[in-house]
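Just the one chain here, laid out as C-alpha cells, in the form predicted on its own.
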Amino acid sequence: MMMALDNKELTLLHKTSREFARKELAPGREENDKHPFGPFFQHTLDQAFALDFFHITLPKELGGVGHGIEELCVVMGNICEEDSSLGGILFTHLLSQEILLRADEENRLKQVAADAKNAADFLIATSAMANPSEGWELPVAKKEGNSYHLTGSIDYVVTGGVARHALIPATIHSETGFSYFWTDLTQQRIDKSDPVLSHGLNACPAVDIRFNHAGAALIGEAQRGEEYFRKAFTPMQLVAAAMASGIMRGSFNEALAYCRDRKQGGRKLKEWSLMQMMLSELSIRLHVSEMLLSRACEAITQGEKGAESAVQAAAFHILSSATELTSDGIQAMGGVGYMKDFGQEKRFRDAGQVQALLGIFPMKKIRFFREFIDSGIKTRNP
C-alpha cells in the first residue's frame, strides 16, 4: 500500500516488512502453495513472530508493539504482495486478538504474550472465514460448576492445526445467540481433521474440529459474541482490503515485468497499444484502491463521523476490484498467466479467498446495504 510514510518508525516498518516478504516469502511461494500436500512453512512463521508482526497492534502494556491500523495495513499489504497465505495467518490471529480486546480480556492476552516462545505458542486460531451469526453449526457449551465444556463440531478453524489456543464461537446450552470460548487445542478431548484444501491461501491451514466434552473458558459475557464480532468487523475488514491491495500490486507488477521482457511480432509487449491499454486499466484500479485504503485508514484513526459505513464500502470496493485486476493480470500474460511459475493464478485464487474473510462476501454486502438503509443515511446528491 502506497501511503505517505511521514515518520521514521512507519518508514522502517515498511522497509522491514517489504524486505522480509521479498527475501523470505517470494522465493518459496510456489512450494509453500503445495500445502497441505507439501510441507508447512513453519520456519517462515517463526521468523514473522520474531519480527513482531503478530504483536504489531497489541498494546505495549500487554507485551505488544502498539501500532495502529495504518501500520498494520502497510505490513499486510507488503506481505500479501508476495504471498498472502502468511497474511491469512496474521489476519486470523489479529481477529482473535481484536475480539478478545473487545471482550475486555486484556489479562489473557498479556499472559499469552508473556508465555509465548514461538509462533505456535502465540497464535490464536478461530473461524476467520465465517460470521458465526449466519446460521453456521456451532458447538454447544454447557456450564458445569465454575467451568464450561464444549461438545460438537465446528468447520474450517483457521490455524487450528498449528496454534496452541483457539477462540471458538459456541451456543450455550438452552440459551440463544452465541458466545466466545477460549480453549487449549492440545487437550485430548479435541479431535482435528487433516488440513482442509481451500481455493486459495493454501499455506494458511485450516482444520475441522470436534469437541468431546472439552474444557473451555467463557470470553467476556455470555451471549455477547455477535456484539464482539461486529465491533471487530470494520477494522478487520479494512485489514482484509489491505491484503487484497497487496495482491493487486503483486499482480500488476508481475504483468508489467512480463510485458517489459517479452517480445511478440518483433516488438516488446509493452509497446503494443492494446497491451498498454490493459496495463493502464490495471494501474488505474490499483491506484484507486490504494487511495481508498489510505483514506479509510485516516478515517478510522481520526474517528470521523460516519467512518464505519464509509470504511466498509471502501473495503468492499477494494475486495471486488482485486478479483477483477488479478483476472486481467492473468490475461495480460497470455497462456503462461495460468501457470504456477509466475504466481498470477495463485493471486487470482487468493483474491477470491480473501473476500471470504469474516463471512460470505455477498452476505456482507447485503447486510451493509440493509444497515445503510436502516440508519437513514442519505447519499450525497450529484
Partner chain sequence: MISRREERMLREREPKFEDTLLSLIATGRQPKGIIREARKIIAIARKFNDEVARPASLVIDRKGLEDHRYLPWEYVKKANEYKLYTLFLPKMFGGQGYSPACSCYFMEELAATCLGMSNIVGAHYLGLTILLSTWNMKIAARICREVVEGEKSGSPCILTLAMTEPNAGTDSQNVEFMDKGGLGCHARRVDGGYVINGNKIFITMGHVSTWHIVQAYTALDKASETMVTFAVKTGQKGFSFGKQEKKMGQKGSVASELIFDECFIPDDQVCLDTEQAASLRRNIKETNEQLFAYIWSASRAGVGALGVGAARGAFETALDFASNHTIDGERMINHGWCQSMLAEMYKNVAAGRSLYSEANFANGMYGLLKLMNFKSIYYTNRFIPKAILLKLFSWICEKKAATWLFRLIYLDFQEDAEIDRVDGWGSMAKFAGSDAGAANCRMALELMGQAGVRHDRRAEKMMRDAKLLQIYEGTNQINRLNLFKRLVARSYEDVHTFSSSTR
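From a predicted model like this one, the values you see are computed outputs, not experimental measurements. Rigid core: the largest C-alpha set superposing within 1.5 Å between the two forms. Numbering follows the first chain given and starts at 1.
Unshown form predicted in complex with its partner chain; subsequent notes refer to it.
Taking a 4.5 Å heavy atom cutoff to its partner chain in the model of the complex, the contact residue among 278, 101, 113, 120 is 278. This chain is displayed alone, yet in the model of the complex one of 109, 256, 196, 222 has a heavy atom within 4.5 Å of its partner chain; that residue is 196. Comment: 262-270 is the region of 235-243, 172-180, 262-270, 289-297 lying near its partner chain in the model of the complex, near meaning a non-hydrogen atom within 4.5 Å. At the 4.5 Å threshold, heavy atoms of residue 54 stay clear of its partner chain in the model of the complex, well away from it.
Although the partner is absent from this view, residue 23 stays clear of its partner chain in the model of the complex, with no non-hydrogen atom inside 4.5 angstroms. Interface residue remark: residue 355 is counted as part of the site for its partner chain in the model of the complex, having a heavy atom within 4.5 Å. Remark: residue 367 counts among the residues lining its partner chain in the model of the complex, judged by a heavy atom distance of 4.5 Å or less.
Heavy atoms closer than or equal to 4.5 Å to its partner chain in the model of the complex belong, across 150-168, to the residues 155, 156, ordered by sequence position.
After superposition on the rigid core, the Cα atom of residue 23 is displaced by less than 2 Å between the shown form and the other one.
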